[in-house]
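In structure tokens, one chain follows: the form predicted on its own.
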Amino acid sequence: MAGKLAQLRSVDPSQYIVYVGFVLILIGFSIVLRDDGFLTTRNLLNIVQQTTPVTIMAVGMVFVLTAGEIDLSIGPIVAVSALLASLVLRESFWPLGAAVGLLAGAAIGAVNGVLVAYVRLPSFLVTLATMGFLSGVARWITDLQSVPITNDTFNAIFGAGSLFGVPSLLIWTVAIVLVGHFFYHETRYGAHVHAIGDSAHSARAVGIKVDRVRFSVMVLSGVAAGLAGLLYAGRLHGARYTLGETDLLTVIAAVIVGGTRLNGGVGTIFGALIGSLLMGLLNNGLILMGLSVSEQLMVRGLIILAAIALTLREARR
């Protein structure tokens, strides 16, 4: 009996808030927007596809935050990766363009990782500086001009295509979430990430390569942002310097609301997925309600603030 009580006390209630909130918001919008096509298969599938880049970046951010770090540069990485891939696709075949986009994300993540893990600079300041620098690079690459993508294969794989009737973006969402969940929860690497977030000193004492793991989570975040850039470019059939510029708040909100703690050591991949879909539900529902852009931003901001405050309150308890 005492053992069962101890298990109940060890349960973190914050990890369930996102699921309850998701269901409540889904029900609320379904009632309010019952005549506007909100609760239709087409609209719900559209929400999943629109949130795919955010979901993928959220998976990478779970690893980063769990390790006790943060990456503020994901938005500009999205734009730079998408633009570089688009420029390569003008002159070459699609696998090279996709590789360049992913390598750009990995390279930027590696720079962040070196500065954080080996130079020992705070990840907040490093990625804040990287964010500003890359924002300028994204504007400079094409002189504020968009770059269209006419490669149908690339656009199908990373955008509006399908496999056996299943949309490509849905496949990307499921694949990345499952792979992320496996490595986060079922491997030694995931255990090391958790250990470092709990106590880097203790992790180092038991032989974990703390610097190496910190470096790797920053690279992982960069690759996730690079892939998100490819998915944006494929869905929109082109790239522009503005891609990803508003995603940072959404990604962090999705991850925190999903049950990952800002101070490290605790996280969940499936929670990040639900948090991302929650952000998508809010965006879609507010648009269907006819709210202006400014009203949408205010309402979404208040809801996110309330959800994060409740999550952190339960985590402290």
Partner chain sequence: MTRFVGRLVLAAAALAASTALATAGTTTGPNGETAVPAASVTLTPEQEAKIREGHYTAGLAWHTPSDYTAAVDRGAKDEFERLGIEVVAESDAGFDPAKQKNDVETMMAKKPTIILSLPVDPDTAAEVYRPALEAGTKVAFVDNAPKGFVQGTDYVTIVSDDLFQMGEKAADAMAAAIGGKGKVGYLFHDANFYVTNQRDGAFKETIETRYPDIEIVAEMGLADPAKAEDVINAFMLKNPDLDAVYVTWAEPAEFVLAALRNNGDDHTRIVTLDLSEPLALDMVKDGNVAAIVADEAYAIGQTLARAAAASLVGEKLEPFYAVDAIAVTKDNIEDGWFKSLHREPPASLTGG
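Since we're looking at a predicted model, the values are computed, not measured. Positions refer to the first chain, counted from 1.
One more form of this protein should be noted, the form predicted in complex with the partner chain, which is absent from this view; the next part is about it.
For the candidate set 24, 302, 309, 293, a heavy atom within 4.5 Å of the partner chain in the predicted complex is found for exactly one residue, namely 293. Of the candidates 94, 172, 184, 241, 241 is the one whose heavy atoms come within 4.5 Å of the partner chain in the predicted complex; the others do not. In the predicted complex, the partner chain sits within 4.5 Å of a heavy atom of residue 140.
Though the partner is left out of this view, residue 88 does not reach within 4.5 Å of the partner chain in the predicted complex, counting heavy atoms only. Though the partner is left out of this view, residue 146 does reach within 4.5 Å of the partner chain in the predicted complex, counting heavy atoms only. A residue is said to contact a partner when one of its heavy atoms sits within 4.5 Å of a partner heavy atom; residue 288 meets this definition for the partner chain in the predicted complex. Stretch 40-48 is the answer when you ask which of 253-261, 66-74, 269-277, 40-48 has residues with heavy atoms within 4.5 Å of the partner chain in the predicted complex.
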